[in-house]
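Only one chain comes next, encoded as structure tokens, the form predicted alone.
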């Protein structure tokens, strides 16, 4: 593989931009192709077979573009399809996001915790293994049905209404919040408005470090001395999503 080739990153929408922002902090010179599958968003309410098919379509597109590594920035896709993709496409490294539940075990084990994730992630075998391995017995699993859609839409009023309706009951009762969907860091301030002072746990910084390790291990680090190029593709060709994506990158 060519070191100058891009890294492919995909999510069910623009939420994975929160992952890319963490990656850019430590790998600014790499080239990236970001695929937002907004036409099929959300993944959380789809069958395993559907998710595998959607992910495979995107992976084939990245392979055609000669991507040297693929980042699965969607927690649902990671939980449902990472293993399937790794077994089928053995010549390309896959780096998959995971809900940062182990971080609670490592840093805040004794404190009550709320895991916010999609229904698909919470019900997945991969997450359940993680949860039961590191369960602090003070954890609430909350499937945030429809929240990724509302965030994708970008309507602040709807976001605040959703959070107030669904999270108000947990105010004062939780100290940790695991952001188990890449869309959720985009509304961290709004979540804090409802829950009060909480500590957020997000897997994106750890994925970024792991990606760098994998690139070094495979001798794929791009040594160019200039900032890399970011290409954005949206499956529904939504120009507003493209605009918002690059606005978030610059924030």
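Residue numbers count along the first chain shown, from 1. It should be emphasised that the depicted structure is a prediction, and the values quoted were computed from it without experimental measurement.
This next part talks about the form predicted in complex with D-glutamic acid (DGL), which is not shown.
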- Task: Name the single residue among 222, 52, 41, 202 that comes within 4.5 Å of D-glutamic acid (DGL) in the predicted complex, judging by heavy atoms.
- Result: 41
- Query: Taking 4.5 angstroms as the cut-off for heavy atoms, does residue 71 touch D-glutamic acid (DGL) in the predicted complex?
  - Reply: no
- Message: Can you tell me if residue 81 lies within 4.5 angstroms of D-glutamic acid (DGL) in the predicted complex, counting non-hydrogen atoms only?
- Response: no
- Query: Using heavy atoms and a 4.5 Å limit, would one call residue 148 a contact residue for D-glutamic acid (DGL) in the predicted complex?
  - Reply: yes
- Message: Although the partner isn't part of this model, could you tell me whether residue 118 comes within 4.5 Å of D-glutamic acid (DGL) in the predicted complex, counting any heavy atom of the residue?
- Response: yes
- When D-glutamic acid (DGL) is placed as it is in the predicted complex, which of 23 to 31, 52 to 60, 214 to 222, 178 to 186 ends up with heavy atoms within 4.5 Å of it? 178 to 186
- Note that D-glutamic acid (DGL) is not shown here; using its position in the predicted complex, name the residues of 3 to 23 with a heavy atom within 4.5 Å of it, in sequence order. 11, 12
